[in-house]
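The chain below stands alone, shown as structure tokens; this is the form predicted on its own.
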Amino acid sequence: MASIELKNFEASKKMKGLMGQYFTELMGPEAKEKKIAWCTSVGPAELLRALGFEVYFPENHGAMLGATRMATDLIPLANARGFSPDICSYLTSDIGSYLKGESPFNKMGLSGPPKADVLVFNTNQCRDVKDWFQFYARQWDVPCIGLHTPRSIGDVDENIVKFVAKQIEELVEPLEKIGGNKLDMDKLKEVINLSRKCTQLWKAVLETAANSPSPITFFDETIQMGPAVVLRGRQDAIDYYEILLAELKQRLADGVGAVEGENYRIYWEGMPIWGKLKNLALQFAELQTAVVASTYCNSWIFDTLDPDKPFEGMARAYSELYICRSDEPKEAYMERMIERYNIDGVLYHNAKTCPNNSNSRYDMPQRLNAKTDIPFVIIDGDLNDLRLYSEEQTRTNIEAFCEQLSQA
């Protein structure tokens, strides 16, 4: 493994500066003059930005706690406070970070996550995000409001769109009072248009991996998705993805693959294992296997955002999210992805504390295998809690799976 080197992107230098600037806007000296809204990763960020809020996404902080491996020491503090070890380890990592007063932001010279003036959730992902936000609402005595999106959705029909759109509209009045600004519909349309452009570019970035060899892997994408998550609705996110996409197109023109000697192509289903991204990327590279697509990174593609119908477009985009769909559309989606990306095998990550985004528990891998004849492997782990992850077992399972692919 020592001889394997991962290929970096020149664009990443710009992204580091861009994300640093965003965090400084939220936590730097001038942040005290701004109204801060916390928002779940697929919450109504466009509405918040149009109303003049600075928007902070604690799930991004949760991922940072996992990637820096701080999470394992922080989670027990939240457990001792009364949060179960079985619930979302983003939640328990973040609350543990708050209780201990330690954060990856400290190493950037920043004090830590900003105090919210309002917390705005969307339950399209899970109930945990609401419970997470309500903890801080109680701590700081600030409002916690949000959307209750249906789950296990089959077709996203007009009734669902109207139901969610009405909830988004009903957020406007309380948010105007908290932020001190009236909603300007032209501003909202402008932000949604920027968000849609960002999502279109992010989709184009991900779709470069349909080529063989793929110029980018899932492990790269989990890092490169940062601006799509926290900066959608802003021009600087668009500017960044134009630069990254140009670099990827140059890799395609030059025949440069992210994995040297790519032989097999894997689909990653489920959450990343944040504290083991580099280890896993190196192992797959060693096995000449490229993890080229995932449901996770595609979660920030919102094709149906519509500046001309802002509330309905947001409602449809947030409700079409893979995580809140029933198994039938999930399987149909994965069948399309398997064909589009020429997938040889599917890896399902069964994340102990994230049942809502673990799809290996109710016979889906077996059903999809019967339909597509594509082999699969299930690995047990977690997004943040590395106590639930066996390095040796996972490594052995991946090696055996790739050996299986070589014999197919």
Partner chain sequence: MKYYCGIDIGASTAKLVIIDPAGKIVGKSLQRSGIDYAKTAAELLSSVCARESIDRALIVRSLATGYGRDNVPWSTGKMTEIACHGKGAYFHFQKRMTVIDIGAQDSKVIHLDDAGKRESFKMNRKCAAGTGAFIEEIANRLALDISELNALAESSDHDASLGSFCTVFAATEVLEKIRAGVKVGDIVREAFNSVVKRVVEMDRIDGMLVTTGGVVAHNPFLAKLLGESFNTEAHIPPDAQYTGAFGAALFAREQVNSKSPK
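Positions refer to the first chain, counted from 1. A quick note: this is a predicted structure, and the numbers were derived from the prediction, not measured.
Keep in mind the form predicted together with its partner chain is missing from the figure; the text below concerns it.
**Asked** Would V377 show up as a contact with its partner chain in the model of the complex if we use heavy atoms at 4.5 Å?
**Response** Yes, contact at 4.5 Å.
**Asked** Wondering, does N356 line up within 4.5 Å of its partner chain in the model of the complex on heavy atoms?
**Response** No, N356 stays farther than 4.5 Å from its partner chain in the model of the complex.
**Asked** Applying a 4.5 Å heavy atom distance criterion, does L18 contact its partner chain in the model of the complex?
**Response** Contact with its partner chain, no.
**Request:** Indicate whether N350 is a 4.5 Å heavy atom neighbour of its partner chain in the model of the complex.
**Result:** Taking the distances in the model of the complex, the answer for N350 is yes, it comes within 4.5 Å of its partner chain.
**Message:** Going through 319 to 344, which residues have a heavy atom within 4.5 Å of its partner chain in the model of the complex? Please give them in sequence order.
**Reply:** Not one residue comes within 4.5 Å of the partner.
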